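Have a look below at one chain only, the form predicted on its own, in structure tokens format.
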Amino acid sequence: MKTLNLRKLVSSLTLVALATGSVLIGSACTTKRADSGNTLNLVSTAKIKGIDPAHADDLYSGLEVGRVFEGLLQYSYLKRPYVLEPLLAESMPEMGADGKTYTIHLKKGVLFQDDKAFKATQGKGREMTAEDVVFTFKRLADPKLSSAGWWLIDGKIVGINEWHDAATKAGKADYAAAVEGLKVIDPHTVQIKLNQHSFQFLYTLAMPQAGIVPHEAVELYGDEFLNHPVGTGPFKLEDFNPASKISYVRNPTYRKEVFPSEGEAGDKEAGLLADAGKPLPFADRVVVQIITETQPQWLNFLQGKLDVSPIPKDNFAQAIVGQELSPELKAKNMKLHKMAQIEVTHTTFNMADPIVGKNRLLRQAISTAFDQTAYNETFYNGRAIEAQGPIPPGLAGYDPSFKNPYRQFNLAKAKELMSKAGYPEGKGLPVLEYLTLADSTSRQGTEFFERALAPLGIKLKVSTFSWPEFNAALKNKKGQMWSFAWGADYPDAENFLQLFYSKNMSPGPNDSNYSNPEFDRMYEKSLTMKDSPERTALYQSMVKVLVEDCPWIFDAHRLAFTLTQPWIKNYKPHDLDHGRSKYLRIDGSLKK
């Protein structure tokens, strides 16, 4: 899933909640309430446009969606390696004999949050049913919505593309029209039939885009549904102020869900099983402060106003000594959490652009001129592995011995490639447009990139945006280069390779707009293969094609360093859990 611009330097796996730039929620309570002491205080470092699963196309909106909405499946909070488990489903989906049909039994008595949209029940949330599951998946396929989740089901569910095409032709989706692959068996059973067996499809059911939504709220609020989210989750939206904060309150009709009783070795000793079996969520409220600059964020954490924080690059030496917490922060009983992230940062070339997209030698030259070692030391405090391709360590397909010939810093080779590209010393090359964010760390990173390209005679025009504006520019294929990061949606290298599949071009996740028939053929073949040495070898062949075509500068795989206050219990770093705030408990006696 998309994470903030590389130059933003925000860990994609710390508990960072993202704010939005939308209006105040009309149905939310806006009166100022006293803090009972059982409030989670989190931080946002980017703005999102709203809280709607269909538009949760980045990690930050995914975290917000995960407080209000739930999917059929989730990842175990404590178990490693990551394991899928039922959430709104009663049990794991049952696969039919054909290997393509899943039957899913839903939990009974799951209620949508109370909302005025439910007129038949005078504002009381009704029970979630199989019809809601079908409605949710049709909504992802509604062309008018341009959903960020369309790529997840495009071509996969039987009949969904025909439904999508009919809606496109008619100019309006007919939600009453049947889709062969989405069948309601009874109110608590739904059947999903795929065009071909997919080893990745179940991951889709745990992604924020697949959060189940009620048709009544979508119909009542229309385009404003993203400002009036109604789900089955542990928290309800209370206040939505784009300038300062988002706040949530405990959902009073939330069903009985309990803290897990199983994890991995060491969890019991770390105190992570002390709350096993206790009802969730623990917090009464969640308040997400919007702080876009790292220094105010850090100061707020040191003052105890925030419960969780990544460590900004400029404060790393203050916080960490020899890879461990500094004596000053140890004395405050703060806790350090370290985790290798399943992610990759990268600089994207817009392959739809007639200059950078049509000149492979130019892209190779720029990639070779960028000194990733120096960048890692300057911006990541050495907390990163230099990326040679898109697949991170820990996933099948990652080859620790492989060296990308265009990621070994070599200025002489870069200049030679520039000449072969037709631009010796940059002569004849127009100024290139580079898209970035407006915060100070992004500006510093952009300046580093400009200095790296100067010896090649390359000049940049820098265009700065807010996070929603930045995303919109990419979806519309604007700009020529930008920096980005992709955090895993699920633990399979296919999630990184699909970023280069031609059918996923913008506004889909293939924001580089890369297209190569050879790559597409290998990618489509990989979808039919189970995890095996043969599939791993195919993944590695796909990487080598990407390396030569160079649609990205492959930058780094980062190590997350996260701090929590002493009163925060049950925090465990997690790559894939968007509903993590329900597990966190505040020790009131320590907080006082």
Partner chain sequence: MSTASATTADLKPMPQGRSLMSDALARLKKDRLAILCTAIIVIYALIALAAQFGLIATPWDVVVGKAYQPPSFDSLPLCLGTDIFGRSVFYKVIHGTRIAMSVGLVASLISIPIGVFLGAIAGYFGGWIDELVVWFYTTLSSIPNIMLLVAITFALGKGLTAIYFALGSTAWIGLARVIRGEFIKHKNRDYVIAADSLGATHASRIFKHILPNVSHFVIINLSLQFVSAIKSEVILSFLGLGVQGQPSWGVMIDDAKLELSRGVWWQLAGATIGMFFVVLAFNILGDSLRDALDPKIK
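Note that the structure is a prediction, hence the values are computed from the model and not measured. Positions refer to the first chain, counted from 1.
Not on display, but discussed next: the form predicted together with its partner chain.
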Contacting member of Asn161, Ser502, Thr378, Asn195, with respect to its partner chain in the predicted bound form [4.5 Å, heavy atom]: Thr378
Interface residue in the predicted bound form among Ile385, Leu336, Leu395, Val462, criterion: non-hydrogen atom within 4.5 angstroms of its partner chain: Val462
Gln372, Asn404 and Gln408 all contacting its partner chain in the predicted bound form, non-hydrogen atom within 4.5 Å: no
Contact stretch among 210-218, 79-87, 517-525, 438-446 - heavy atom within 4.5 Å of its partner chain in the predicted bound form: 438-446
Partner contact for Arg451 in the predicted bound form: its partner chain, 4.5 angstroms, heavy atom: yes
Gln498, heavy atom within 4.5 angstroms of its partner chain in the predicted bound form: no
Exercise: Gln480 in contact with its partner chain in the predicted bound form, heavy atom 4.5 Å: no
Interface membership of Lys313, its partner chain in the predicted bound form, 4.5 Å heavy atom rule: yes
